[in-house]
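Let's start with one chain on its own, the form predicted on its own, as structure tokens.
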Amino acid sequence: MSFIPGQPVTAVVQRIEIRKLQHGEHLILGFSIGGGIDQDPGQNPFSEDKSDKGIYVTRVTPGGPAEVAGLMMGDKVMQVNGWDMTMVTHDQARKRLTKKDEDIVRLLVTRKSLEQAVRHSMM
């Protein structure tokens, strides 16, 4: 998904609800993230133009809560529980995802296959 700074962004999103798994004292989501406005976008393997500083899913644990919910590696996280994630640091994103008082995390994500399916259906 490419964009022009200062212009509205249109994205096809999917809602994903992940119920955290209790593991001792910890609540497990079953995925890792990369990216953020404080990170080098050139190192992001999911950014098409190497300028996207968004938050991306970099790993999904097989059989974990995120995989069961439908999250996929390469998904771009647009919102977490209603909070905008398009202009956050990596640490801000991590803290928003791992809040201890939230058993369920509701995500809005976008992925290339969703955008491609919509474009194909409009032809």
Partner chain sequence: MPMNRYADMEDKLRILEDLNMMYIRQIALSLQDSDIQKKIDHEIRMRDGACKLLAACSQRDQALEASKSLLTCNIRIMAYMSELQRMKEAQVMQRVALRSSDAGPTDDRLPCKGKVAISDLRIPLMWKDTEYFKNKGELHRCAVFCLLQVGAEIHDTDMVIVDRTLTDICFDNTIVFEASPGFELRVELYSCCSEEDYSAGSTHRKLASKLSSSLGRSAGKKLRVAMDPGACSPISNGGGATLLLPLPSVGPKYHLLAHTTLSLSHVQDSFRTHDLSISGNEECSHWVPLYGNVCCRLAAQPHCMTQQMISGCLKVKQFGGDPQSWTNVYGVLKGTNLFCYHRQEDIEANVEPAFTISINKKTRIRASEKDLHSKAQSICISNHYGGEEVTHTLSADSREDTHRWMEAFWQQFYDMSQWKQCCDDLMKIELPSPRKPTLVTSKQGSLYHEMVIDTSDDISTVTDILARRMQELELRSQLGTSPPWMSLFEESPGCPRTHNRLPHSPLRCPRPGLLSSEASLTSDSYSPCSTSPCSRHSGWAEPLSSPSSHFRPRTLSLDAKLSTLRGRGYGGVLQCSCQPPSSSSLAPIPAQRIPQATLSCSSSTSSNSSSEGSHSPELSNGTSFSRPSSARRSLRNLRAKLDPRNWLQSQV
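These numbers were taken from a predicted model, which means no experiment stands behind them. Numbering follows the first chain given and starts at 1.
There is also a form predicted in complex with the partner chain; it is not shown, and the following applies to it.
Trainee: Heavy atom to heavy atom, is Gly70 within 4.5 Å of the partner chain in the predicted bound form?
Mentor: Contact check for Gly70: no, nothing within 4.5 Å of the partner chain in the predicted bound form.
Trainee: Pro45: heavy atom within 4.5 Å of the partner chain in the predicted bound form?
Mentor: Taking the distances in the predicted bound form, the answer for Pro45 is yes, it comes within 4.5 Å of the partner chain.
Trainee: Residue-level contact is defined here as any heavy atom of the residue lying within 4.5 Å of the partner chain in the predicted bound form; does Gln92 satisfy this criterion?
Mentor: It does: once the partner chain is placed as it appears in the predicted bound form, Gln92 has a heavy atom within 4.5 Å of it.
Trainee: Would Met78 show up as a contact with the partner chain in the predicted bound form if we use heavy atoms at 4.5 Å?
Mentor: Outside the cut-off, so no.
Trainee: Could you list the residues in 39-58 that come within 4.5 Å of the partner chain in the predicted bound form, counting only heavy atoms and keeping sequence order?
Mentor: Gln39, Asp40, Pro41, Gly42, Gln43, Asn44, Pro45, Phe46, Lys50, Lys53, Thr58 sit within 4.5 Å of the partner.
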